[in-house]
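Quick setup: one chain, the form predicted on its own, written in structure tokens, and binding and motion questions come after.
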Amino acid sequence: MEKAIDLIQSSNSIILLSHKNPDGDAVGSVLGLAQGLESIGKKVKCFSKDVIPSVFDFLPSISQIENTIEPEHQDLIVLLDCALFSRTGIENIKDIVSSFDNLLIIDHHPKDKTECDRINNCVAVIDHKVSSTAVLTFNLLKGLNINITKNIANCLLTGIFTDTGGFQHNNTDPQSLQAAAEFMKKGSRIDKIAKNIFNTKSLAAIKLWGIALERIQNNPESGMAISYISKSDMDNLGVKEEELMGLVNVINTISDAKFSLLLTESADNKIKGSLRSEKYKGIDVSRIARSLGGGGHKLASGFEINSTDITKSIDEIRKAILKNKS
């Protein structure tokens, strides 16, 4: 962490990036860090290749995350919640950063490789034992002696809240709860975050959830509960992909399921897979995700494959997963 602090203190222009299809931890960490760095006079830009899901519109300074940007030199690039440029979805980093002096990685996912493997002027702060990148971001801000405002607290608490499944997942640890308590002292409200993230759905979204729940196939022998949502399902009801957030966790509540899988067909001819399990079930879903080109945590992982037809691909995915699991 000391090297990360030194990098930031010696940098003036800083750009913050995270992974494609950003979740609450990615968005919250980027915004929380951006506001903290700006408070000490840093020139900060935030970029996301993908549009930020509207469920995060309640976060302060959400408009600060840009989708288009003019390439220019940056003293420092900070990768949050990922460790490879390829995970940002940006084809060529020079499309948004013409040149840079240093790279800082802040992440909590287990890693086989990072950009630091090929870039010398790189520092990585990676700790897969913490619940979220937001916790690491909080520690970094404290190390920089930056005052945690209510707005920063709201952003970082959103990151912790979403990555712990509303403090229900096994990764909810004392450090997460202590950080949450600090944020609440600053005026952040867990109930408001929960309402915006999990408890506000359109009628169309609820109907779509019903379609997915009706399609669940549960195999007690393999332990997998699987369902899917096609692009036509979403188009017919006018539902966005972001409105499926939390659905795979509901599927994972099936009592005799050891792990759950939700497949979602995207507009760009890809199928996204979300895997969930619980510690007591004894399944490492990150191993399954890696076998399909993805990754993540032991209890929450994902992958993405190219496909033009989810109904034709679902059996192949199921067979690949069961073969890997066995």
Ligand code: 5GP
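Numbers follow the displayed sequence, beginning with 1. The model shown is predicted, which means the values in this text are computed figures rather than measured ones.
Although it is not shown, the form predicted in complex with the ligand is what the next lines describe.
Of the listed positions (Ser48, Ser274, Ser277, Gln35), a single one reaches within 4.5 angstroms of the ligand by any non-hydrogen atom in the predicted bound form, namely Ser274. Proximity of Arg87 to the ligand in the predicted bound form: non-hydrogen atoms within 4.5 Å are present. Residue contact check for Arg215: none of its heavy atoms lie within 4.5 Å of the ligand in the predicted bound form. By the criterion of a heavy atom within 4.5 Å, His169 is excluded from the residues contacting the ligand in the predicted bound form. Within 4.5 Å of any heavy atom of the ligand in the predicted bound form lies no heavy atom of Pro53. The stretch that touches the ligand in the predicted bound form, counting heavy atoms within 4.5 Å, is 297 to 305, out of 40 to 48, 27 to 35, 297 to 305, 55 to 63. Contacts between stretch 100 to 134 and the ligand, counted in the predicted bound form as any heavy atom lying within 4.5 Å, involve His109 alone.
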